[in-house]
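Read the single chain below, which is given as structure tokens and is the form predicted on its own.
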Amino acid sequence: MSKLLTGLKPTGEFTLGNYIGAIVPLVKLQDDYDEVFLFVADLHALTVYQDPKELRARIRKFIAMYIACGVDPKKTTIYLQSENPYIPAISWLLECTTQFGEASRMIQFKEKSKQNANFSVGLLTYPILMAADILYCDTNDVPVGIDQKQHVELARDVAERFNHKYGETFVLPQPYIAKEGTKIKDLKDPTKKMSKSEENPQGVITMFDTREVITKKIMRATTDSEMDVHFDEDKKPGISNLLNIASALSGQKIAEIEQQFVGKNYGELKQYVAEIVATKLEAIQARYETLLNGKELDAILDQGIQKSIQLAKAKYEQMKEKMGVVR
């Protein structure tokens, strides 16, 4: 069976850029695999201090938003990492077969440990916990960006060493580097990506913005002094960004949208894009509110964690037996 696993870290905020760049591709991948696993990496979030109340709220909000955006619980097993006690147990067994040098060479560890004089041991060992996340369910592919590829390669190396020492136990995972998707840029500065951390909130559309707010932000988006609607990221980054947004949300090709606006002005294009964005986000927001305020979300998580625990327990017992940790 082909299996794909991905995790979401409950930190930060949801923007239109996150939705188009990360969630839409995941929704499409659901139909390409026999099994898909999506887990909330809440244990990973603890490598730095998190306000408990805020973290608890974000966890539910993140899951609800992913489902509202199209992640289908019938196609994807969704669960909280922290609710599966066998994953940290597997992580410990893997830590005991991982070299210190391997863990300390992880790029993110080196960068973050340099930034802070004091850091938790979890910052060093969390790539091994990530390996446990990947390996317990015999994952084939793990969608990652270039910056996370090293972590999947570590998981593969650890699995290969374990298989060599104790016998075949793990499927060797591969990093899944998707083709570069649509990158949504800041509305006020279209040379930068759309990010909640940007100083000017007028350049960022969040997944919770109202129709009125969305319309105002898009109508004030930076464009150029020309009036010809066509795609050219170097000379017309603002217009190209609006065309990218419209194409991603409408399913139309950019060339088709360009054709619609031959002889029309930028204001008409902005009104068109604002209508598409507002209509799409209103539908997502309605589904999100239903999930967050009802019982369906807990039922989805209960079903997902049951499957996750069953698989992790079987793998943990197999590992213990092979390592001699049995009576």
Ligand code: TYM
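What we label the rigid core is the largest C-alpha set whose atoms superpose within 1.5 Å from one form to the other. Counting begins at 1, following the sequence as shown. Keep in mind that what you see is a predicted model, and the values were worked out from it rather than measured.
Keep in mind that the form predicted in complex with tryptophanyl-5'AMP is missing from the display, and what follows is about it.
Partner contacts here mean any heavy atom within 4.5 Å of tryptophanyl-5'AMP in the model of the complex, and among 252-260, 159-167, 67-75, 146-154 they occur only in 146-154. Highlighted residues A22, I134 and K183: every one comes within 4.5 Å of tryptophanyl-5'AMP in the model of the complex, counting any heavy atom. tryptophanyl-5'AMP in the model of the complex is approached by K196, whose closest heavy atom lies within 4.5 angstroms of it. When contacts are judged by a 4.5 Å heavy atom cut-off, I90 does not count as touching tryptophanyl-5'AMP in the model of the complex. Among residues of the shown chain, Y126 is one whose heavy atoms approach tryptophanyl-5'AMP to within 4.5 Å in the model of the complex.
Although the partner is absent here, A221 sits far enough away that none of its heavy atoms falls within 4.5 Å of tryptophanyl-5'AMP in the model of the complex. For the candidate set L94, M130, V229, I214, a heavy atom within 4.5 Å of tryptophanyl-5'AMP in the model of the complex is found for exactly one residue, namely M130. Residues L5, T6, G7, L8, K9, G17, N18, G21, A22 are the members of 1-36 with a non-hydrogen atom no more than 4.5 angstroms from tryptophanyl-5'AMP in the model of the complex. Relative to the superposed core, A248 shifts its CA atom by 2 Å or more between the shown form and the other one. The Cα position of L43 differs by less than 2 Å between the shown form and the other one after fitting on the rigid core. With the core held fixed between the shown form and the other one, E83 has its Cα displaced by under 2 Å.
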